[in-house]
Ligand SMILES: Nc1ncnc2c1ncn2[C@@H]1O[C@H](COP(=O)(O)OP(=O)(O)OP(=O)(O)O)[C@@H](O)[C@H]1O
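The chain that follows stands alone, in the form predicted alone, written as structure tokens.
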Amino acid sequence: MSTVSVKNIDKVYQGKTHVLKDLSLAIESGEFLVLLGPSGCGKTTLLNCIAGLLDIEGGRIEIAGKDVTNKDPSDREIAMVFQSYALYPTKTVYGNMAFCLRMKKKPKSFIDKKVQETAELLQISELLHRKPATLSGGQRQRAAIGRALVRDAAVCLFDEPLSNLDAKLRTEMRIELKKLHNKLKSTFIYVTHDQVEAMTLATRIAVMDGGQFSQISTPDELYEHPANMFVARFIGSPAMNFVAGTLRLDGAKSILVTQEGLEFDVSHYPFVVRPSNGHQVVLGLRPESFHRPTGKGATYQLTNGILEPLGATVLYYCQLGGTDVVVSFNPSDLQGVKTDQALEVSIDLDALSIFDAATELRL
């Protein structure tokens, strides 16, 4: 197991496109860190810099306390699993897994033992004699992971390894990867644009936007306390609802008034920065923060609703005041409710977020 440290690194393409901008990140030994963000945000570029597949224009990269900034990938004690699997088509699964050990001149007995142990761990022992063309997508991915693991590398890097799999297989492989990490206790760095993958796999998530980190934290912290509106939009499915408003402060009492005149008592909100009276803000409400009225507290009306049943939940696309919102309900809460029917709800104000309308930062 090893720590990974990225210190003030810069990556510039063709001398003009600044892809990574003064990035710093410390990854603890045994951590499962996910680099998350939209296409083009720099997450795969950062992974390739850590792997040594790309040179950097500035900064320093350390693995296990050693400076590897100018070292070749083979000298960095890393293993990498690619999106495309990158298996040798003419070799069997055994041949693919054994290849790097043969290049290191390891004894045949050592190679046999290591390949067999890793194959058993990944439950692909019966596939060792087969070639990649005869395998399913999930089997190829296991073989690619096995080829990485036999190296006993200090750090395992994954570049969107599940993106080529169907939805059911992605779910199964997520569970297998989580089990694998729990067994090996290795340091995993994993790139994805899928926030569900990130939330289910990571011990910490680094959300990237425009070559910089928007927030680095645990999945729960990112979901419950996003640092800005970009993170709030990106984390959660369906995404957080946003309602524009103005803060009215009267001593200890804080009331958020929306543009449609709806009022929310936010007196108990833990402001990071105390706003001024009349501050223009954006209220963030998660879809599951809405409930059928319990008889306590203020109620609000949802209008122009369209139902989308999903089995365990029902999504309700509607309007709160004049703002489009998505609400998640238990199916039993909507029995007898019809499309376009006005619906009275209460809102869990302890779970809301408030952002500055100008900077989009959390208040």
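So that there is no doubt, residue numbering starts at 1 and follows the sequence shown. Given the structure is predicted, the values throughout are model-derived calculations rather than measurements.
Same protein, other form: the form predicted together with the named molecule, not shown, and the subject of what follows.
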Please pick, from 30, 322, 331, 38, the one residue with any non-hydrogen atom lying within 4.5 angstroms of the named molecule in the model of the complex.
38
Partner-contacting position among 151, 193, 204, 286 - heavy atom within 4.5 Å of the named molecule in the model of the complex:
193
Going by heavy atoms within 4.5 Å, which of 66-74, 300-308, 313-321, 40-48 lines up against the named molecule in the model of the complex?
40-48
At the 4.5 Å heavy atom threshold, is residue 209 in contact with the named molecule in the model of the complex?
no
Using the partner position in the model of the complex, report whether residue 19 sits within 4.5 Å of the named molecule, counting heavy atoms only.
yes
Along 132-165, which positions have a non-hydrogen atom within 4.5 Å of the named molecule in the model of the complex?
160
